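In structure tokens, one chain follows: the form predicted on its own.
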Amino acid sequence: MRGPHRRGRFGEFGGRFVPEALVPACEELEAAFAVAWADPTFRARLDDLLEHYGGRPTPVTECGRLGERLGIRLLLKREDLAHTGSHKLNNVIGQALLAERMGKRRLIAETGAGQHGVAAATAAALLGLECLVYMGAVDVERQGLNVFRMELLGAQVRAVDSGSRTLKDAINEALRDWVATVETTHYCIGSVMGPHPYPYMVREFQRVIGDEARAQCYEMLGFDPDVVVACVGGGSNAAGTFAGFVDTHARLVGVEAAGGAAMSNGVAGVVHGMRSRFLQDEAGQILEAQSISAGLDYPGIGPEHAHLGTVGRAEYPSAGDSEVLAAFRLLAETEGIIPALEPAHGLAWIIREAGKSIPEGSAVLLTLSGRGDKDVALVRKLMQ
């Protein structure tokens, strides 16, 4: 996938809509990333850390039993096996190195499911940076294990009690912090969202998923997969995955939570520094997204996804809580893999569509963006 057009636009989406105080910070970050990304020394250090610290490359696993049951070849890109248990470290290591390069010793981050917060705390500990993570109070309660992990890694976790007390509100607080501390602080955004250059920069840090997966699938299959699937909240794991396959024949499918589904139920608007699609009422007020998954209860979608959906290169169906729980359990029982609730949305869609819009015998790749340790207590409670 190419970079954004002038002023950070993906078609009509993207851009930079921030307070005047943040314009120099965004411009500084854009310039620093461009120079770093073209610097072989920076790229080599990033690759070395992702390999020897992060555990890359992550494998692709074929699910023989479940695939046979569904009548397809089901492949999982195993980001759950990366250090910290998700794809988030790919982006955070890159941004932490960039912050260090810019002389900024303090990281702030937002988190919903907690995986980005854990990754940010991990990178800060590795590089000796200060770290503060904003997290909605609702998510703090349902993701207590990840809160403790962040604190164990030396980060401060600040619960946000305003608004819906979820990811949207954590982002609001992080932006307020950044405005006040921009000279010493780097805001480490966790998804392909926010003002330019974040959507493009985060996608580039995450494209290692898709680049690896394409080579691995070709080695296993001898051809590209027919369908490439990933879950979408803001959409970083999907953007990274799609980057490896956007120039192939593969059908690209980003699965949203049914209680969010900003691509199908949202309208264009400007929130959190970007123009994209958001859930809004008739007065233009942002609506709350609802999801069993803390990582997918964001009321919008990244601008590049909004563009890909608008031009028809990718499609964005949704999955409901009950079918997600069933998929979560089915993968555990048939393959011995407990997924996070976020990628279980992608699996739920595959199960629903196998033999229908997914023809029998198709090769289907799903990015398993995280492991389910963080969700087991919640799932246990819901299944009782």
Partner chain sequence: MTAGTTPVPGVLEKALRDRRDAGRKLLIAYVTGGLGRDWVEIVRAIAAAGADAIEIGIPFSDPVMDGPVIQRASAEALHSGATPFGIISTLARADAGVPLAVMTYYNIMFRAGHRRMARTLADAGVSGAIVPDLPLDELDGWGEEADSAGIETVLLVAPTTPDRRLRAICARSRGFVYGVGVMGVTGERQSLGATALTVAARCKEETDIPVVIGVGISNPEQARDVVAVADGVVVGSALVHRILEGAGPDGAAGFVAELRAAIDL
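Quick caveat, the model's predicted, so the values are computed rather than measured. Numbering follows the first chain given and starts at 1.
Note that the form predicted in complex with the partner chain isn't included here; everything after this is about it.
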Worksheet item: Looking at 264, 290, 172, 248, which has any heavy atom no more than 4.5 Å from the partner chain in the model of the complex?
Response: 172
Worksheet item: Which listed residue (138, 126, 220, 179) meets the criterion of a heavy atom within 4.5 Å of the partner chain in the model of the complex?
Response: 179
Worksheet item: Looking in the model of the complex, any heavy atom of residue 280 within 4.5 Å of the partner chain?
Response: yes
Discussion item. Given that the partner chain is not shown alongside this chain, does residue 381 nevertheless sit within 4.5 Å of it in the model of the complex, heavy atom to heavy atom?
Written reply: no
Worksheet entry | Contact label in the model of the complex: residue 270 to the partner chain, heavy atom within 4.5 Å | yes
Practice prompt. Look up in the model of the complex whether residue 81 has a non-hydrogen atom within 4.5 angstroms of the partner chain, and give yes or no.
Written response: no
Practice prompt. Report whether all of 21, 162 and 183 sit within 4.5 Å of the partner chain in the model of the complex, measuring from non-hydrogen atoms.
Written response: yes
Worksheet, complete the sentence: Assert contact_stretch over 308 to 316, 270 to 278, 105 to 113, 223 to 231 against the partner chain in the model of the complex, heavy atom within 4.5 Å, equals 270 to 278
